[in-house]
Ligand code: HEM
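To begin, one chain is listed below as structure tokens, in the form predicted alone.
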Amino acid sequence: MSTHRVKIYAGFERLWHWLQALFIITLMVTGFEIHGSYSLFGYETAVRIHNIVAWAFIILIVFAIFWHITTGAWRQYMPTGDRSIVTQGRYYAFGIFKGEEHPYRKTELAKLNPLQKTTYLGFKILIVPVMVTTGLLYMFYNSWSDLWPGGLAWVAIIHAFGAFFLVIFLVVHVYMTSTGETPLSNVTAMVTGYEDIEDAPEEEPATV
């Protein structure tokens, strides 16, 4: 099938994507060190880095929300509501290893397949809000500790639980990234902004 090269990812979209990845990985590395899983930077340095990057991530989120709303890009994450997500999941789990044709054809206006839409939507409306909220409660514990004595323990548990979901999301995201035409084609597209998109199949002329 023939393809045509189009600019599918805008400049801010690419910048936001890579900064988000950098911030999340940094928060995960320093966060698990603060949790006591290992020693890399030292506790105090890890806390300092974690807090600085957390604020930078929150600022990035604000800009990303503004960009998604003003450009209408938020529509990319709306689920289809049919069984196409099951088909897509089956392809990633089994079909791709059997050489089956990808069940979803990417277009300029529909960059995400049904499974990606659901995964990224959950990331944006569930995981990120939980991590930001519990993170801020962590930072400003002294301001509300009298209202809920012992509440920090629950905040810590929820924050750590969310961190494990972030790890799962990162692993799934890396796997999805490697399922393009080549293992690096999706990464290259997110760097350059351009991707080779399959042309729509030509309709056969009607017969009389």
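For every residue, the number given is its place in the sequence shown, counted from 1. Given the structure is predicted, the values throughout are model-derived calculations rather than measurements.
Beyond the structure shown, there is the form predicted in complex with ligand HEM, which is absent from this document and is the topic of what follows.
- Each of Ile24, Ile34 and Val47 comes within 4.5 Å of ligand HEM in the predicted complex, counting any heavy atom.
- Checking Tyr175, Phe66, Tyr43, Trp144 for any heavy atom within 4.5 Å of ligand HEM in the predicted complex turns up a single hit: Tyr43.
- A single residue from the set Ile85, Val132, Ala110, Ile96 has any heavy atom within 4.5 angstroms of ligand HEM in the predicted complex; that residue is Val132.
- Not displayed here, ligand HEM is kept clear of Leu121 by more than 4.5 Å at the level of heavy atoms in the predicted complex.
- Among heavy atoms of Ala156, some come within 4.5 Å of ligand HEM in the predicted complex.
- Among residues of the shown chain, Leu60 is not one whose heavy atoms approach ligand HEM to within 4.5 Å in the predicted complex.
- When contacts are judged by a 4.5 Å heavy atom cut-off, Thr179 does not count as touching ligand HEM in the predicted complex.
- Taking ligand HEM as positioned in the predicted complex, the residues of 152-182 that bring a heavy atom within 4.5 Å of it are, in sequence order, Ala156, His159, Ala160, Ala163, Leu166.
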